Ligand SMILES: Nc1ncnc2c1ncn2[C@@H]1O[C@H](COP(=O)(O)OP(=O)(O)O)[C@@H](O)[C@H]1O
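Just one chain follows, in the form predicted alone, and it is written as structure tokens.
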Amino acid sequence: MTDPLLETRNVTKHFPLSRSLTQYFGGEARLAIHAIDGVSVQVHRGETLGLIGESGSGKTTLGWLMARLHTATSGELLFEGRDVSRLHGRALRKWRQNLQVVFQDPVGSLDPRQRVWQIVSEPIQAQQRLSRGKLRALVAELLPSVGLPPDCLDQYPHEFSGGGRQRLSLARALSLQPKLVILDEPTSALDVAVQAQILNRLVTLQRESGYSYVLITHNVAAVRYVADRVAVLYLGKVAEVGPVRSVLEHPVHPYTKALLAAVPVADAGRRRTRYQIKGEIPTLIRPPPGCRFAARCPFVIERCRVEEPLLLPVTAANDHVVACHRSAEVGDIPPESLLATVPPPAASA
């Protein structure tokens, strides 16, 4: 495989908490939220990497670290082999031509006072000085590629539906023809039909222009349809990474199994064994030693509570890795959503 377009190496992000006066004058150490702890992932040219996990798992924080919207506490961020984690000023602005973000909330990320041509051309204006006529022409040329008519240049965001506003966000991100686009829950607030349209548009644009994507989402179906590889995050750590089909159809980590077990199945005749996850979610202020999923894992052993598992390959091709001490034992246990169909119980007399 070719060298990655973007790579995070042992990236960490801690958010310091404020201290009370008592804590300050008492000399107590300043605590921090460990949002991301030692995450290493890769995004290759022309591929889509899906990031999935529960709310609070660190998906968005990792995406923002990739885009340099957050500065990492430690670790390296490599883009085309170059460490860009310490770029500032003009160098950082110039680098941003390579990577853009589509935010989760198009209502909050679009200026309601700006017209379409101003919104979409804003990244261009940040990089170079062009006349108003030239900017309008560039935007009019770009809009059809995201499914918007070129005659809506003077409309405002409130005149569009939720899907239309998300297309505006996508057009703005693509205005600089970046090499990588971070998509933060791009379909979360849309109905199913519009979600399908947005996802189809993303696939088409990638096929035609070779974009790379990082898709941050709760929607496992979207990941299955769009992504090439998927990384599963839990409390700031990577639990499992691999080709999307391998991870979703043959998950190894107990957390991945639980995540897939929660996916609804549209089959009234299917009876599934409950895959139970119990226990309290650990705090990210004082993360426990060992595996962070140990407190909720049904397969936990004492080693899990004291020794942090490393990401190790589970396939001969080494493209599917998992951080679990018991991966060899629990890997063949199917998650709830993938169990074979079982006839429903007979009706009582």
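Rigid core here is just the name for the largest C-alpha set that superposes within 1.5 Å across the two forms. All figures in this text were calculated on a predicted structure; none of them were measured in a lab. Start at 1 with the first residue shown and count on from there.
If you look for the form predicted in complex with this ligand, you will not find it shown, but the lines that follow are about it.
In the predicted bound form, this ligand sits within 4.5 Å of a heavy atom belonging to residue 54. Residue contact with this ligand in the predicted bound form: residue 297 places no heavy atom within 4.5 Å of it.
The closest non-hydrogen atom of residue 58 lies within 4.5 Å of this ligand in the predicted bound form. For the chain shown alone, residue 284 is a contact residue for this ligand in the predicted bound form, at least one non-hydrogen atom being within 4.5 angstroms. Residues of just one listed stretch (289-297, 31-39, 320-328, 307-315) have heavy atoms within 4.5 Å of this ligand in the predicted bound form: 31-39. Core-superposed comparison between this form and the one not shown: CA of residue 17 displaced by less than 2 Å.
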